[in-house]
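For reference, the chain that follows is the form predicted on its own, supplied as structure tokens.
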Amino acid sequence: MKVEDMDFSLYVITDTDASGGRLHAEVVRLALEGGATAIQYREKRASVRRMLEVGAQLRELAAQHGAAFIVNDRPDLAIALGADGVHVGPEDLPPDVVRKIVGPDMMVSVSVDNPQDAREAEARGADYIVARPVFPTRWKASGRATMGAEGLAEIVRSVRVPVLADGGINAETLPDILRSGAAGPGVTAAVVGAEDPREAARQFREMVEAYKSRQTAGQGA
């Protein structure tokens, strides 16, 4: 999948802690049924063998719903699973090195928290940027500075590639994310931690689509 074919409307990121012990496959299936357009498989605790097993399940679920499937941190696992993309953080291999590993056809995304790093990631071949953390989130270590909607908008303006927003996104903060010019929301706890991930995803997707419709109507006026 090329980044121009990517639908960022609802990018759901898995998290073992946030999902309350429920299986990744269960939560992802419900999120996809609710309208998730991309799944990023993030797992920090399982063995590589277990990640391969679970990742294969998620890859199949994503394919059934026409959603993109992204693997967090592990280019090798992304290759093994035939993922659409691999996501790396600032302490992982840089995107140009990851590109040498995964080849030209897999998307590579990078987490950044400021415009300078976003421009560097773009220059080194990132297909899209993940700006984080935008808002505070209880699932991450406290004390890390958040950029807010204004900081997100600065990153969006600093690069030409799509920018996904991540961190503390919920129904209240989503409008600010959309107004910033971000390609879409990267949602973790508000979907995978919801009592009903299907319904939570549905509500997010409806809000995103309603915003897009208003924008299209305004441009046509």
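Just count from 1 along the sequence shown to find any residue number. This is a predicted model, so every value here is computed, not measured.
Although it is not shown, the form predicted together with another copy of the chain is what the next lines describe.
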Are all three residues Val48, Leu77 and Leu93 in contact with another copy of the chain in the predicted bound form, where contact means a non-hydrogen atom within 4.5 Å?
-> yes
Pick from 182-190, 162-170, 148-156, 40-48: which stretch has a heavy atom within 4.5 Å of another copy of the chain in the predicted bound form?
-> 40-48
Report yes if any heavy atom of Gly82 sits within 4.5 Å of a heavy atom of another copy of the chain in the predicted bound form; otherwise report no.
-> no
In the predicted bound form, does Glu122 have a heavy atom within 4.5 Å of another copy of the chain?
-> no
Partner contact for Gly89 in the predicted bound form: another copy of the chain, 4.5 angstroms, heavy atom = yes
Would Ala56 show up as a contact with another copy of the chain in the predicted bound form if we use heavy atoms at 4.5 Å?
-> no
